[in-house]
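Only one chain is shown below, in structure tokens, and it's the form predicted alone.
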Amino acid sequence: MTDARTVRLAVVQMAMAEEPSVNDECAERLIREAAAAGAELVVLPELFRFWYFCQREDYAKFDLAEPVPGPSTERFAALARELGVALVLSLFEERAAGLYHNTAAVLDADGRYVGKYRKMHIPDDPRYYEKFYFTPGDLGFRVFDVAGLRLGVLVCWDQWYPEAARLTALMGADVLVYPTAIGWHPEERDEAGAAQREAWETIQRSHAIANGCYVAAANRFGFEPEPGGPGGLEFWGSSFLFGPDGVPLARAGSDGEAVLLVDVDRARMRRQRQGWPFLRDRRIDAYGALDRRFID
């Protein structure tokens, strides 16, 4: 690939309704808005077709899953082909009965299914009971040649792990994208909310700097009740894009829809890596202990 041109990347921030069909329609509307603004690649939030069902362990929610590729990739492939935009879709994958993944599918601008990434790091926290639903990914970290970019796709909880960002960048990723569903427990917001959100931005900004690549996070916003329970989650929006030097290029607010647009300039990335040659100076001979859980 050459550095001859920039690629316009769009990050979509949206609130989710209870009905998947409503979310599909909202996503389509925002993808059309992005395409009208010149986007060549559009990234949607994590599990955008649903309320965040992982707040409770509920066997009935497995009925929401689908094959990947499958009905959702077929529907959005037609849209990608119509608009000439590539898409990253975060989906609930049914691989087999009793075997499910949190999966991101990549579609090219001609509607072609390019491939998928299965979320590697699976959280298990109050109202984030993802280990009940999702098997950890077994495809490894991946990059996809799409829309004139080498696209590194990771998902939400992956964003806290520098190893995931580094390994994906070492495969040649120009941009790391993170479909995301993150927010506050409303009862904790006043005490810890600002620090939590700042940490979320800071860790991903550091991925951009350490790897000399673009980083983008597409989050949902709004309150979603705990199904059948008294609680809920308030998703904080604040989607963003950072440049390869860590400079913020676009940010959404915390309480509204947004389509963020940034021109990804591979020549800028090249210059940044030449000036800060972290890849050159890595001591790969000294990192063997990273394959251990802890060094006792």
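Residue indices: 1-based, along the sequence shown. In this text the structure is predicted, and so the values were computed from the model without any measurement.
Beyond the structure shown, there is the form predicted together with a further copy of the same chain, which is absent from this document and is the topic of what follows.
Name the residue from P71, G172, P225, P186 that puts a heavy atom within 4.5 Å of a further copy of the same chain in the model of the complex. So the residue touching a further copy of the same chain in the model of the complex, by this definition, is G172.
Could you tell me which one of D245, E234, E33, D58 places a heavy atom within 4.5 Å of a further copy of the same chain in the model of the complex? For this set of options, the contacting one is D245.
Sort through 212 to 220, 157 to 165, 71 to 79, 92 to 100 and report the only stretch with a non-hydrogen atom within 4.5 Å of a further copy of the same chain in the model of the complex. Of the options, only 157 to 165 has residues within 4.5 Å of the partner.
In the model of the complex, R205 touching a further copy of the same chain (heavy atom, 4.5 Å): Yes, R205 is a contact residue.
Residue-level contact is defined here as any heavy atom of the residue lying within 4.5 Å of a further copy of the same chain in the model of the complex; does F141 satisfy this criterion? Judged by the heavy-atom cut-off of 4.5 Å, F141 is in contact with a further copy of the same chain in the model of the complex.
Spell out, yes or no, whether the shortest heavy atom distance between G84 and a further copy of the same chain in the model of the complex is within 4.5 Å. No, no contact at 4.5 Å.
Any of the heavy atoms of G115 lying within 4.5 Å of a further copy of the same chain in the model of the complex? Residue-level check for G115: no, no contact with a further copy of the same chain.
Triple contact flag A109, A267 and R270 to a further copy of the same chain in the model of the complex, non-hydrogen atom at 4.5 angstroms: The answer is no; none of A109, A267 and R270 reaches a further copy of the same chain.
Which residues within 268 to 296 place at least one heavy atom within 4.5 Å of a further copy of the same chain in the model of the complex? Going through 268 to 296 in order - heavy atoms within 4.5 Å of a further copy of the same chain in the model of the complex - the hits are G275, W276, P277, F278, L279, R280, D281, R282, R283, I284, A286, Y287, A289, L290, D291, R292, R293, F294, I295.
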